[in-house]
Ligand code: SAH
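Quick setup: one chain, the form predicted on its own, written in structure tokens, and binding and motion questions come after.
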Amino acid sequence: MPGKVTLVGAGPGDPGLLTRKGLEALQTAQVVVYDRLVSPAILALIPEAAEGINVGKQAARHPVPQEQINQILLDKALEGKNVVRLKGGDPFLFGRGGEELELLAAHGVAFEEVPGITSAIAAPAYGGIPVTHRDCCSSLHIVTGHQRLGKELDIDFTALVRTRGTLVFLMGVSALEAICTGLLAAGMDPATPAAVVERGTTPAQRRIDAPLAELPRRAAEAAVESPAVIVVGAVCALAQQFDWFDRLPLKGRTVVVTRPRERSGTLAARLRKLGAEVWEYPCIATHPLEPCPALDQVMERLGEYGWLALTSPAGVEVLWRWLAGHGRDARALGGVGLAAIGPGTAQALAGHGLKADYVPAVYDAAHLGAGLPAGGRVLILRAEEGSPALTAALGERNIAYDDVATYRTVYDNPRSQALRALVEGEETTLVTFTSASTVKGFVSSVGADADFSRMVGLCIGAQTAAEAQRQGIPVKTAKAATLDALVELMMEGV
């Protein structure tokens, strides 16, 4: 039975502009056929089990011809697959989406189109340009600036000038001079405000402002490249007044988030809202130890313990999985105190309706062990390579404990060469570390021989900072072991 193809508009770059319906389609896809202009942050949302096919096209170079793309969609659908065709912007606005549906319709394959936010409106908006304004114009005209090789632009410039509306040209970087010349020849005032918005809605966005007659020269001096949107009209004069995106506090900063994949999204989303370019680099993963006889033994005699100490959200999830797998729930923990190393672990407990009875004032293993109230034997559930500071502190206080490894931390990421180039580049890169294991995973992926001198490690806690310094990484430490404090550290202008 044939599958289905869904054309999804990924929007202009900012992952926050992907629609909810587009996200739902992406999350259930078995095959995703995507273009060059789709944001890496959106590509990261593709299910791990899905087949990804890159058919990226760029100006004057189509490694996968359109006819072949159409055939790929048909072939995968005929295999019975749920296919998502992920396209930048909106599939039906100069996106050749209609062409891709024609072959599917001819073969009776089911399809759907999920509109996307077009760069024709979003890029100017992020550049402070409202494409319409009552005092400036009464119409908006979106025009393709794509110029077929060896052919002149097929644009009625006279008609466009007569509209006296805002003109937005997509895919027009290579034809910018011809566009401006055509408008001037058709009678447009050389002093008409105009702008080019490059890489709109992304942290790398730039806006070049100039009168129409000077725009080609200014764009050339700035070495503007595709993708970029050209805007012509009186509304461009409002850009300086309405520019909000360039004023975001982390605009222009590159931040690498090294948290495990299942927990990286919250921090990454916060940083993007502040204007940062975020690399989600989950350089560690946690895998439960299954089977785990040691865990089975201590959980069967849980009543012998006064405290259960947890040092990460991963440990909380292992605990909850064990309870569910053995037909039990939170009532099994009723007689034991719950200690969490910090607010992240406490929040993970709260997600299962459990309240941490003790959280140290300083969120690290040493302070957890030093401050845990006396009152019976302590059961510690944590990673194989847990910090010895916790057990050392308990030992100094003559508190008996059982230290049980319930999960393994794995260091692995295939994008290490790209990240190494970023870290060793000319611009300062900020790298967040939320545990010593994220430091070790980062160094393992990038290479211990890398030059870390031009990056700054933003660390949660003294132990994390100590590990980063041991690896030769310049560090700044947050005032508290929380994501809020980590973000505040970046806002201070590190």
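Numbers follow the displayed sequence, beginning with 1. This one's a predicted model, so the numbers in the text were calculated from it and none came from an experiment.
The following text describes the form predicted in complex with S-adenosyl-L-homocysteine, which does not appear among the structures shown.
Segments offered: 114 to 122, 268 to 276, 236 to 244, 369 to 377. Contacting S-adenosyl-L-homocysteine in the predicted bound form at heavy atom distances within 4.5 Å is 114 to 122. A29 falls outside the set of residues with a heavy atom inside 4.5 Å of S-adenosyl-L-homocysteine in the predicted bound form. Contact annotation for A228: at least one heavy atom lies within 4.5 Å of S-adenosyl-L-homocysteine in the predicted bound form.
Residue contact check for V404: none of its heavy atoms lie within 4.5 Å of S-adenosyl-L-homocysteine in the predicted bound form.
Though the partner is left out of this view, I341 does not reach within 4.5 Å of S-adenosyl-L-homocysteine in the predicted bound form, counting heavy atoms only.
Within 4.5 Å of S-adenosyl-L-homocysteine in the predicted bound form, a heavy atom is found for every one of L170, V197 and G200. In summary, among the residues C137, I399, A219, L93, the only one with a non-hydrogen atom within 4.5 Å of S-adenosyl-L-homocysteine in the predicted bound form is L93. A heavy atom within 4.5 Å of S-adenosyl-L-homocysteine in the predicted bound form is found for one listed residue only; from A436, L430, L37, V55, this is L37.
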